[in-house]
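Two separate entries follow, structure 1 and structure 2, each one form of the same protein chain as structure tokens.
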Structure 1
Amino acid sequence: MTLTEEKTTDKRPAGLGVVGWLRWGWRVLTSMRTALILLFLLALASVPGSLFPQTGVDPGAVARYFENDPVKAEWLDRFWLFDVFTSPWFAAVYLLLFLSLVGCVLPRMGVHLKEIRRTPPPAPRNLTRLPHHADIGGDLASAEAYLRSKRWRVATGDGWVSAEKGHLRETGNLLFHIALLVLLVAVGAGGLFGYRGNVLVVEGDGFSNTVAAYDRYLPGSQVSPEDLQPFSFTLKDFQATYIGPGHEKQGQPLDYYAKLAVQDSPGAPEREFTLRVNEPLDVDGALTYLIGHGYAPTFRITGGDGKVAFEGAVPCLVNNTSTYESQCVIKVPDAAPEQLAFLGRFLPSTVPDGEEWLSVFPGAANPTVQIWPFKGDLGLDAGTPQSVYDLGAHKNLKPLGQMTASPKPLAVGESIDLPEGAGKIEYTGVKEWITLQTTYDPGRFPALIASGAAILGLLLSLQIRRRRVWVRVRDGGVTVGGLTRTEGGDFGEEFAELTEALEQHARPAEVKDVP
């Protein structure tokens, strides 16, 4: 379909009062040109979302931005540039666009319904004036029969047949635009009624789907803690394999999976589930994904008083994803008489490198850990929140003994007696941890269906041509004329095929007439 815009659209009403202005505003908003400008604005408004780190995508990167350049970050934040896609100005653009879309689609729906019910218009007097026309043998009746058999909408009159095809184009177009509206609503509803949580779990440990169990929990505004699906699981085992030496991509993961023992609800029987990338665990629409992994060496730490003050796994943050060299922080508030803390560097496949040690492979072929011990007041009672992955905030910690840049790494089973009789640390083994994300988004299916409808609508709207043909009697035969109302369409070929078919179809009738 072609759209001819009236030149008067933008003329301002002179002295029409509030109603007139509103009407004028509505007309401008729903004009095709405004829609076009809003489309441009929408594209432009998205650009900063890819140039600056986004809170919703990578909050860590945003925090780093604030650390490195607080003044600039402050200014960027003032304009929501770290939250582009939830910012008021982004919302303004898409809400205007969708308002414009509604204003455009509703009237077009009305027009289209009328169009569908209307019969094709009578044939013009002179068909040879049309862009496509041909004189062929045959008669009106057989032409009409043929056109009807090919599912044209047909009207007839005195000496002419009129036929039309291609209303599906506009139907598809409307379907597409409505689907976009539904998609927006589905995405919005998913945000309100869904939630997302992240958690780190060490091998052997369990997780149950409650707000308190998450490290980070982001509920939609309409979600209450009781809405969470009450499933739980234990991480039995995690396995990863990597490309071995001799390949350019040595150390690239080949496969990893986590074995879970899942309980769908408190009383339910336990079931085994293998969690992989691309294969989330689905419990009543709450999906749990495997999104990261790393190492958690285990330690037994004894205080200066000879009592075991800590025993367990310490998840280490991965510094380098191609070697899995990781950084560990151990805080031991229970150590007596003085509290202890340790920095550690975990090397899954250790080799010496001059005075230093390196990891050369992500698999745990020779897992060692370098330890830097501290003692003093951890200040955990002060109530200020602290990261479990950082010792930087502790001003009252003193290094124990001589600090060296690269202490000799411990192998599993080895231990260090701490200087100044502060106690002992034993490196007892290696476990692995995984990070999980649980997502519940009730808008997923509606969004999927709307997307499918959008594609279907697009295909109809872009590939179907609206066209009309007329047939008029002429002595000894008929004239066929045709035109397409879709610009850019190549109707010539179809028209030629159609006239040929009409002629062919008419011929058997002629044969019958011969006795």
Structure 2
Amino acid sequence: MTLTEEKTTDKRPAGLGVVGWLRWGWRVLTSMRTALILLFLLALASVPGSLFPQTGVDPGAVARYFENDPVKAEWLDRFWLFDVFTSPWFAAVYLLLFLSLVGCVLPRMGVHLKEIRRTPPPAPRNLTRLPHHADIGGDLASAEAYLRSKRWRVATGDGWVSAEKGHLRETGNLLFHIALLVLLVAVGAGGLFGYRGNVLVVEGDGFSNTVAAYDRYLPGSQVSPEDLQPFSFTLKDFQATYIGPGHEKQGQPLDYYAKLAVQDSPGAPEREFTLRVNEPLDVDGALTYLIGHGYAPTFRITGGDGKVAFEGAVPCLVNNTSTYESQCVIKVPDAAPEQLAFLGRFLPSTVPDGEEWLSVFPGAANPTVQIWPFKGDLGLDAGTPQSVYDLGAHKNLKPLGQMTASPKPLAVGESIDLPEGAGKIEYTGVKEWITLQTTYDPGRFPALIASGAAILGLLLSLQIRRRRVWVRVRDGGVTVGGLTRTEGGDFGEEFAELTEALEQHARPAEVKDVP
């Protein structure tokens, strides 16, 4: 290799390097285009949260989805589509948008503050070259006075007046982006310092706001059990009304509400509260919402030894929301000589359909229940978690007697003597249950304020135009020129009105009064 060739090979273009690539990535991330793309992605990522049931809102609906289509549900669950707002990919978009807005807004705030303090620029020498210009009568002093009276920012010089208006456009734009940042911070604060819990409560039962009382509890990372508001209540009554028979919308709900007896803290006086949809119970910022309801038939079950092994209400999961046909599971580990289990089908308004039975209305007009009895080891002593609403995992259970596809339903007060001397089951009545969601979100009010500020900022940025006007003495007369600094803004009509007003303001008082 010659000396010339060696020198040529040394003159290779230098790469960006690690620092250069990081700087380039930061510039791309903090650009307005990237912020808009991330904002669109965040909105797009929220769509599955409204298309699919969410575990944190309605775990029962998620369970039914797995039951009806387990293969599809499994794939959806792999992509966190039942927990959209706690998924890693949603958090990634959320954090990138936050960083992009911070890097985009902070430099623009500095530039905008400098623009506000800066005086309008001097008038160009030839105003006729501007997009809008006109010759008017009058003088510079009257033009300056009029522009100041209309809240234009005015600067003067030798033979010219410069005025500027419309800084609120950029102020609104920044307000919109700052409000988005506050909204993101508020949502993040709610995730850190807030909590959410779901619970099912049967009529007559009570609830205390403790971790152990919830069926599902989702605390923020900075929440401890001692942070929960110490309120409690008893479900006194639940009422639901539906559109009656004969109407094309038969069975659709008209209204439902729950009557609660509430104690805001231990030892506090009890108060009555009516809980409705979108009218939550509010105790020190903890909101309890009514999100669902169903039926809980009551049973008394006697074992083969003649002792009562179970007595109480059994919540049934709704299979058909138009008729509230529901499925119940009863597990009786205290029955003797063998443990018992029952599968029930609850029918609120029962009518015969050939050899089958069905419900035709969601209201409890003729509440009955079909019973399929089983016996065997329930596996409760093994310590393995199991659902109280499912018998499918119990392989040791055997049917009691001869099973039929559609046994005769029991009316309230009727009973069945179990085969093989296993005991008796009595259907004693019907209660109703409600599902509740308690949510505490300290970022809720800041998020509301930020949303309002974002709307205000968006309106300012869309409605206000940045424009400049200059007035200069030219050839013994006065020339006015103007332009808008907003792309696509139509300044022609406003400029014509402004020049007419300047000329009117410059006329002597006696001339203005002439009709």
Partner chain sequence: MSPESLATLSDQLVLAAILLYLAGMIGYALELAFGRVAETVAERRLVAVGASHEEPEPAPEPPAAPAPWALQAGAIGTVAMWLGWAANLGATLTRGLATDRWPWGNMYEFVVAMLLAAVTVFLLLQLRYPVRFLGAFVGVVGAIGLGFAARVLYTQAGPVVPALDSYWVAIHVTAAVAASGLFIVGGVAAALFLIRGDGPSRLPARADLERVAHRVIVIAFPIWTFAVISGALWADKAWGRYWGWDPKEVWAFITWVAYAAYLHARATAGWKGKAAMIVSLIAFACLMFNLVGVNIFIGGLHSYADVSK
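Since the model is a prediction, treat every value here as computed from it, not as a measurement. For clarity, a rigid core is taken as the largest C-alpha set superposing within 1.5 Å between two forms. Along the sequence of structure 1, residues get numbers from 1 upward.
The form predicted in complex with the partner chain is represented by structure 1; structure 2 is the other form.
Core-superposed comparison between structure 1 and structure 2: the CA of V199 stays below a 2 Å shift. Comparing the forms between structure 1 and structure 2, the C-alpha position of G306 differs by less than 2 angstroms, with the core used for superposition.
The two rigid parts differ in orientation between structure 1 and structure 2, with the smaller turned by 17° against the larger. Its Cα shifted by 9.3 Å between structure 1 and structure 2, D69 is reported here after superposition on the rigid core. Lined up on the core, L41 has its CA atom moved by 5.5 Å between structure 1 and structure 2.
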